[in-house]
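Next up: just one chain, as structure tokens, the form predicted alone.
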């Protein structure tokens, strides 16, 4: 990581609004991210995640309010080489080799990592001489990540970083992210993989309709939702069979496996047995991050859903 003056905040939004015509992508957002934090940004499509990342990187300017990145204007922080980004929309040249592209990229920065270190950290050493049009989708994601860390940045921004990665590659990727965070880097990532956010992030920001509707650890956000999840096996399960179960706000059926979301788990379990349903392997748990996310971003979600 580059030597630089210590900054109390890696990212600071003060009353940030961003409009695109009549669409308000962000609405008076106030938030700060401290140096060294690992922060996940969640939200449904159109919530404002990509807009927020664009503002941090200086790719767009706020309509109102101000944005600071590492205590500077976003454009200054990026041009100084202190910010690395892995964006969904970034393209890759087809006819150059992996090592050639990374060598070119690292030379754009004042204090880059060594090429060998970049290749190792991204798991690309065996592919260093492979042409980019001959690598897989998951390998291309790893290459984008390698480009993001080539400059040895203080702040790493990742937009849906593990899309197309297999399970083992994702595990290795996040292990490196934890190592980067332990070295004092700030990691900010947007993801649709809620399990990743829960397991990796120190802090989770939930965006919905341009505003922050939750901000805290994964456990704190789960604790805001009083719903419980009830799982069990029920041969021949269908929605009609379970229609009269009390307290259920959502239902998910896959074959004989049933998942119910309930606002009163005791009442729901009592109702299941009172109905004489031959359930097996019943399990009651608190709301997961997925249930909390759905409740926070869609509070009117009360209808029963069935997937077979």
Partner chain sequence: MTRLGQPLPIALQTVAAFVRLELRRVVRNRRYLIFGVAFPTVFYLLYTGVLSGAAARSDAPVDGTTWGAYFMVSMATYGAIVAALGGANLIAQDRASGWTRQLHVTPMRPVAYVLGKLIVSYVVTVPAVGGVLLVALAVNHVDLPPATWLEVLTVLALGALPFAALGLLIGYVFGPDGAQGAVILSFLALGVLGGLWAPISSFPESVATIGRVLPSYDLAELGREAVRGAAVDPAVVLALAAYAAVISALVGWRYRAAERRSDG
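Since this is a predicted model, take the numbers as computed values, not measurements. Numbering follows the first chain given and starts at 1.
Keep in mind the form predicted together with the partner chain is missing from the figure; the text below concerns it.
Comparing 58 to 66, 257 to 265, 23 to 31, 276 to 284 against the partner chain in the predicted bound form, the single stretch with non-hydrogen atoms within 4.5 angstroms of it is 58 to 66. The candidate site formed by 79, 101 and 104 is fully in contact with the partner chain in the predicted bound form, as each residue has a non-hydrogen atom within 4.5 angstroms of it. Between the partner chain and the residues 216, 184, 110, 126, the one pair within 4.5 Å by heavy atoms in the predicted bound form involves 110.
The partner is absent here, but in the predicted bound form a heavy atom of 87, alone among 165, 87, 115, 140, sits within 4.5 Å of the partner chain.
The partner chain in the predicted bound form comes within 4.5 Å of a heavy atom belonging to residue 91. Using a 4.5 Å cutoff between non-hydrogen atoms, residue 75 counts as a contact of the partner chain in the predicted bound form.
In the predicted bound form, none of the heavy atoms of residue 204 sits within 4.5 Å of a heavy atom of the partner chain.
Among heavy atoms of residue 175, none comes within 4.5 Å of the partner chain in the predicted bound form. In the predicted bound form, the partner chain lies within 4.5 angstroms of a heavy atom of only one residue of 113 to 132, namely 131.
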